[in-house]
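Below, in structure tokens: the form predicted alone, a single chain.
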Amino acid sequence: MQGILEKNLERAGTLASFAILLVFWQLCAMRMGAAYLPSPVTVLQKAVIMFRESIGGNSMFAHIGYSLRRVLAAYLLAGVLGIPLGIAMGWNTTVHKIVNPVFELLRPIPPLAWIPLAILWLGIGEGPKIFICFVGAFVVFVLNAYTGMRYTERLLIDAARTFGATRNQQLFNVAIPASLPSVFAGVQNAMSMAWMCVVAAELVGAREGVGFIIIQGGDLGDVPMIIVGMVTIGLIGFFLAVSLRLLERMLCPWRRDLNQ
């Protein structure tokens, strides 16, 4: 009974926060004027029109699909390369000594700083957009996998060794499962980073994608169009984050039990 009450209160709080946001938005729109900040109703009407009509030769759903395709390609590649590298850095001292100095040198460089080089190396097609997303997600994957391995309880490793576990058994049966919460935190953060990067990458030389929608709105002086693009980015990012949290609950059921 208490659990149901807590869930209802949580849902009510969520609805209340959105209601407050809409009211604040409406008040700001009335204060600033429609030319600078359109009202929520105006933006909603614009969204209906945009999802019905073609924009730059593609439907709104097609633009979303282009952005998602770029993000998923970069995200999967970054995960396949970044998670094993982070685990290796956290588990093996030699790998850590070799890779960590270079990683720490490159890690502070913002993904957007790579745009000129990406265009120079890969042209203005899909390559640079995927590359920028890859850079942003790769760093997050490596960092979280590395952190999870480095902060695994040594007591667990020592207990496995005491019971005769080999080095590989200690890694695959103890260390990696113990580091999964940190790895999944990286999985979620990497998706957010890749999604933010693709929008920025599409602001340069793109003819399709959600970032292109925002640029198109700016070129036309269409403020509602810009805001529809921004809200679309936020909603897609939200649904991606929720999907990854559900995946974490499936693969790490003990985390769900601890949170209850």
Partner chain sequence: MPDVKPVAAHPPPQPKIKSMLREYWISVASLIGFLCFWEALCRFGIVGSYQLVPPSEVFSVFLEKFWDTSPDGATLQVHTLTSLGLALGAFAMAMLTGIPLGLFMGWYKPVRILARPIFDSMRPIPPIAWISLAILWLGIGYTAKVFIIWLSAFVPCVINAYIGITLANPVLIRVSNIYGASNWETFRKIGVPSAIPMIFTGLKLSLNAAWTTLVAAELLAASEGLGFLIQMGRRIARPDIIIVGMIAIGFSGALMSALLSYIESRFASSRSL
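These numbers were taken from a predicted model, which means no experiment stands behind them. Rigid core here is just the name for the largest C-alpha set that superposes within 1.5 Å across the two forms. Positions refer to the first chain, counted from 1.
The same protein has a further form, the form predicted together with the partner chain, not shown here; the description that follows concerns it.
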| property | result |
| --- | --- |
| Proximity to the partner chain in the predicted complex (heavy atom, within 4.5 Å), stretch among 147-155, 79-87, 167-175, 115-123 | 115-123 |
| Within 4.5 Å of the partner chain in the predicted complex, all of M32, V102 and M196 (non-hydrogen atom) | yes |
| Close approach of Y36 to the partner chain in the predicted complex, 4.5 Å, heavy atom | yes |
| 4.5 angstroms heavy atom contact with the partner chain in the predicted complex for S243 | no |
| Close approach of G234 to the partner chain in the predicted complex, 4.5 Å, heavy atom | yes |
| Distance check, G127 to the partner chain in the predicted complex, heavy atom within 4.5 Å | no |
| Core-aligned C-alpha movement of F18 between the shown form and the other one reaching 2 Å | yes |
